[in-house]
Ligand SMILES: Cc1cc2nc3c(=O)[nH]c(=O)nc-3n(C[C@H](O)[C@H](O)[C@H](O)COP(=O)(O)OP(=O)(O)OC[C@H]3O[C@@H](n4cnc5c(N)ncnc54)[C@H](O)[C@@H]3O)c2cc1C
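Only one chain is shown below, in structure tokens, and it's the form predicted alone.
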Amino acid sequence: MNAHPVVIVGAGLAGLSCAVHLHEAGVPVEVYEASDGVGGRVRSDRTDGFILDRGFQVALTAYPELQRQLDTAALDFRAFEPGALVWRNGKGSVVADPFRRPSQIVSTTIAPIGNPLDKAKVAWLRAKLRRGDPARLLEGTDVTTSAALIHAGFSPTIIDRFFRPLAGGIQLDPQLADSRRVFDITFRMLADGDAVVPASGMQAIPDQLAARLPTGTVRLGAPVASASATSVRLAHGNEIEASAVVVATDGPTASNMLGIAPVASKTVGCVYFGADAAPTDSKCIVLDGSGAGPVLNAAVMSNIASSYAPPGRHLIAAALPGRTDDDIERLARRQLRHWWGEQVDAWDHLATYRIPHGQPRQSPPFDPKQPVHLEDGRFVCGDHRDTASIQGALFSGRRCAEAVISSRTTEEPS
């Protein structure tokens, strides 16, 4: 058997998942990460007592790989209320999941997001998507999310005031141009479980995975310049021999390094504000029901987890899918002033994140489970090989590890 370790390029969720599964199967592994920490796009910073996730992010407890690969109790998840607070014309309307919050049926019924038939169709869609194995939702005829919602009979009003900011925020798809398969599975996960954040920030997820690896396995500040099937060359020139090489970077980087098909990016901006008073006591995601944008959704993160802000302070996150330009802090503040008045002028601007690759675009026809073992012998994993989600990254990492192990077994002499 080849005595060299499996070398993984990238310590995001996919790379860490792959590394953990290889290590626990007894396979030596080394991980090389270009940045100063683990997590890839799932990172958090701490500023003046605030926890700032790098972009507004949530985990969904219904993700099978989240439950399979992580100690969820140790992550101390804090949950959003199921549903949303749709902000329009200076007021918020609660749109709850009536099956989980029956006390809010009346407020949901009168919410100005669509006609009564629209709301009945939301219940019908929820019931339809919850039937059977979730994996079946990734099969069948595929069209854009917009086309699927129109075909289902939803009015332009509910599409613009509810589905567009909801999917636009979670899937970074304000045009609803991505695959209906991805929307369907996301909507199913929202119905089956909770949207949550760890009490100590999203960074806790990759940190927990990395803690399962032996000390020294992950080499930070070690960018890889090139990768073959049996070695990688670091940017400073050293060559590392390997029994197998796994490229676990984001999609565009993997495309450049491996020569695989280009991976299109969905961009996102996120602006964080600190305030002495919360503009709402809601634990819901706040959706832009006006269609004005560019903020599609926002959240008072300190309502969800008080640990996200220092005592006596509140943290507000505003997400702007598709916007990374220089003036997004000004645009976000102006829009939130229309929502919550002059108090917004006194908020402290804590940070702005401009993320050129927030998620891979997954246009129809979308084919999940892309190959992780390439014809030239190299391996690849990441959310661009499965669904653009934490679930997709973790699942991709696990099945890539299984492919590496299978190839080693095949190559062993009988």
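A residue's number is simply how far along the shown sequence it sits, counting from 1. What you are looking at is a predicted structure, and each value in this text was computed from that prediction instead of being measured.
Form predicted together with the ligand: not shown, discussed below.
Q: Please name which of the stretches 223-231, 145-153, 124-132, 298-306 has residues with heavy atoms lying within 4.5 Å of the ligand in the model of the complex.
A: Residues of 223-231 come within 4.5 Å of the partner.
Q: Would Pro364 sit within 4.5 Å of the ligand in the model of the complex, counting heavy atoms only?
A: Pro364: no contact with the ligand in the model of the complex.
Q: Just checking whether Met257 would be counted as a contact of the ligand in the model of the complex - the rule being heavy atoms within 4.5 angstroms.
A: Met257: yes, in contact with the ligand in the model of the complex.
Q: Cys18 versus the ligand, in the model of the complex: is there a non-hydrogen atom within 4.5 Å?
A: Contact with the ligand, no.
Q: Find out whether any non-hydrogen atom of Ser179 is located within 4.5 angstroms of the ligand in the model of the complex, and reply yes or no.
A: Taking the distances in the model of the complex, the answer for Ser179 is no, it never comes within 4.5 Å of the ligand.
Q: Within 4.5 Å of the ligand in the model of the complex, counting any non-hydrogen atom, which residues from 178-193 show up?
A: Nothing in this stretch is in contact.
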